Each structure stands twice: as structure tokens, then as C-alpha cells.
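Below, in C-alpha cells: the form predicted on its own, a single chain.
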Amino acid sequence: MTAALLVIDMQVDFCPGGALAVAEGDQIVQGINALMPDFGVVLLTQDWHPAHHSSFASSHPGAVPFSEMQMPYGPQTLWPDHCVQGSPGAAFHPGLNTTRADLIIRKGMNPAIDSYSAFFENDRTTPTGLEGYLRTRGIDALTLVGLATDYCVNYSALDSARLGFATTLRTDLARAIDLDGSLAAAMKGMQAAGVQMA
């Protein structure tokens, strides 16, 4: 198999001190860097929202962060403003070795729809282009690391497995938000989908 390392959303806003911080999010950076030489292809995703994105609680008067509302594509968690295009918070963690990146996939750019997965927006049909890139490069296996285990990593892993890629999650190199049991649910769903845990 030809394997690639998929590094999900290792950005300032998702690390301690950021707008949507994941506990211990910064503690996996060096481990991710150390893993990169084991892979011929390294891919990074980057949340890249326009200001006033529809997934921001601030875009809906009276809404509070981490509440949920119905969007045309289904239920959507409303987040604090984060990873706004060009902002310091949208930058990759300064310790991350970005020079190894063969490709950077930016997601969440459509102001009307969020995008957790590296493969599809949250309507589950609009592609990011990652699948086509992997196919043309002859990559058939992915190892996922990054933030957050129960959201963007989870959605990316599920799509990877569904699309037929041999998919592995390095649980030691991922961290979760864990809203109301979301981590346990995500782990159960990934295992049921055939994602290997390492």
C-alpha cells in the first residue's frame, strides 16, 4: 500500500489559548513532526472560514456557542468565531513542520456551510478535491492525526474508510473537544466503520 499522513487542523485557534481550544492540543505537535519521515506523502488540512461564517454563534442573534441549530443540510453546532481567513488563529501551530506538506486542503470557506471532513463539506456531497488527489497519486492508505478527534478527525476518518482507503487513527496524536460524550460516540462510530486504532 501507498500511505499518506493526513494532519487535521493543527492550528493556533484549536490549541490552548486559541478561540476554540482543544485541551492538550499543542502537546501532539512534536509527535506529529516525528511521524512525518515515515510517510512519503504528508497532507495538511486548514480550517479557513470567512468572517461571519454561518457556523459561528455570533452570526445568529441570541445564539450561544456550542448550541445547535438546523441548517439546510442538517443539525449544526454553533462555534465561537475561529480560524477566520488570514487571522493569527487560522495559522498552523508555529511548531508544526509545514515544509513537509505535499498539499494543504483548506475547508469551511463557503460561508453558508461548515466543513468538518477533509473530503466533503457538511452537506456530505460537496467535495474538497482530496479524494481525487489521493487517487491520482496512487495513495490507498491514510493515517490520521490532529484536532479534534470527535469532529474533524472523526468525519475525515469516516469518509476515508467509506471511500475505500485503508484508514488508521493514531489516537496518541489526536485530541478531542468531547461535548456531551462526543468522543465516545466518535470512537465507536469509527471502529464500526473499520477505522483501525493505533
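All values reported here derive from a predicted model rather than from experimental measurement. Residue indices: 1-based, along the sequence shown.
What comes next is about the form predicted in complex with a small molecule, which does not appear here.
Note that among 136-144, 31-39, 164-172, 44-52, the stretch whose heavy atoms approach the small molecule to within 4.5 Å in the predicted bound form is 44-52. Among heavy atoms of D9, some come within 4.5 Å of the small molecule in the predicted bound form. For the chain shown alone, W79 is a contact residue for the small molecule in the predicted bound form, at least one non-hydrogen atom being within 4.5 angstroms. Interface membership of F119, defined by any non-hydrogen atom within 4.5 Å of the small molecule in the predicted bound form, is ruled out.
Among heavy atoms of L183, none comes within 4.5 Å of the small molecule in the predicted bound form.
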